[in-house]
Ligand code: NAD
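Before any questions on how it binds or moves, here is one chain, the form predicted on its own, in structure tokens.
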Amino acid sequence: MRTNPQVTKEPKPPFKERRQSSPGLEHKMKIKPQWQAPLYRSANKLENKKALITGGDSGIGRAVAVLYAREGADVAIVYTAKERKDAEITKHLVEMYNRHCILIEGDLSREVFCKKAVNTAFKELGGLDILVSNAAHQLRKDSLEEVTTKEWDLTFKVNIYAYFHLTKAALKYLKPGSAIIVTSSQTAAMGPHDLPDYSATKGAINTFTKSLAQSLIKKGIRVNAVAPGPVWTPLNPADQGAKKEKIQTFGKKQPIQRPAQPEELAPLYVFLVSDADSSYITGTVIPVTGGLPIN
């Protein structure tokens, strides 16, 4: 029996989604992000690997955590106190596949916590093979004058500083064959007017990824970035700078006329850490934009 292909079956706007305060919570969303990936077939590609995923409570992070578990990995997920319920749901989902999941609660804008998160993951998982720097902060503004120094600093600390601190702390644990992935964005190439700080951090992420890959290749550690277009996650209804119309029509401007679902991104995060699939790929920024051509 022929099924509806995934490229056409995922939800399209308009979305009747409620606005949330920051950070967004997946369990409060009216239209839930799709993380199940029912068409995906696992093959033990990450058997007994140990992965740390920031922002693993919801959205892309949750979808990645579940697929990693399906591929045989144990995972540690980082989240904030307000996201605890979502994190507990993700932990339950991972454990359904008989894999270990630990929860690490804290503030990624603090260097000391980034170090603690890495050390805790290594100790409690019994190793560390994969680092996924995925958590992000985003708040749209109509003009640059509205971006405060405090907001600018927070966006950089969560989006790019944390990537730096996490990676630096993880290097003493990562072995040849280990991999690092960071979530970038199409905004790095497009520079939307209402996301000057967010898009600037994503540009920094891309360049840092390329530089880091050059410095770690001799150690057998690969580093890559995934640059999605709009993805349906709690980040969207929680962006207080986004107008109601922006939330309801989110993703409609992409050629595919909809946002990606987390389940459409997660297989790439498996591919990029699988030595069997991507051993020759490092220092790349891979766009996943629903047909929008970007450099």
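These numbers come from a predicted model, not from an experiment. One rule holds for the numbers: they count along the sequence shown, beginning at 1.
There is another form of the same protein, the form predicted in complex with nicotinamide-adenine-dinucleotide; it is not shown, and what comes next is about it.
> In the model of the complex, is there a heavy atom of nicotinamide-adenine-dinucleotide that lies within 4.5 Å of any heavy atom of V66, even though the partner is absent here?
Because no heavy atom of V66 falls inside 4.5 Å of nicotinamide-adenine-dinucleotide in the model of the complex, the answer is no.
> Mark E146 yes when one of its heavy atoms lies within 4.5 Å of a heavy atom of nicotinamide-adenine-dinucleotide in the model of the complex, and no otherwise.
So E146 does not count as contacting nicotinamide-adenine-dinucleotide.
> Contact with nicotinamide-adenine-dinucleotide in the model of the complex for A37, defined as at least one heavy atom pair within 4.5 Å: yes or no?
Outside the cut-off, so no.
> Using heavy atoms and a 4.5 Å limit, would one call S185 a contact residue for nicotinamide-adenine-dinucleotide in the model of the complex?
Looking in the model of the complex, residue contacts with nicotinamide-adenine-dinucleotide include S185, since a heavy atom lies within 4.5 Å.
> Which listed residue (L128, I180, V158, L212) meets the criterion of a heavy atom within 4.5 Å of nicotinamide-adenine-dinucleotide in the model of the complex?
The residue from L128, I180, V158, L212 that makes the contact is V158.
> Exactly one residue in A76, L108, V94, A169 has a non-hydrogen atom within 4.5 Å of nicotinamide-adenine-dinucleotide in the model of the complex; which is it?
Contact residue from the list: L108.
> Which of 68 to 76, 117 to 125, 198 to 206, 217 to 225 has heavy atoms within 4.5 Å of nicotinamide-adenine-dinucleotide in the model of the complex?
Contact criterion met by 198 to 206 only.
> Across 45 to 84, which residues bring a heavy atom to within 4.5 Å of nicotinamide-adenine-dinucleotide in the model of the complex?
Residues within 4.5 Å: G55, D57, S58, G59, I60, G61, V78, Y79, T80, E83.
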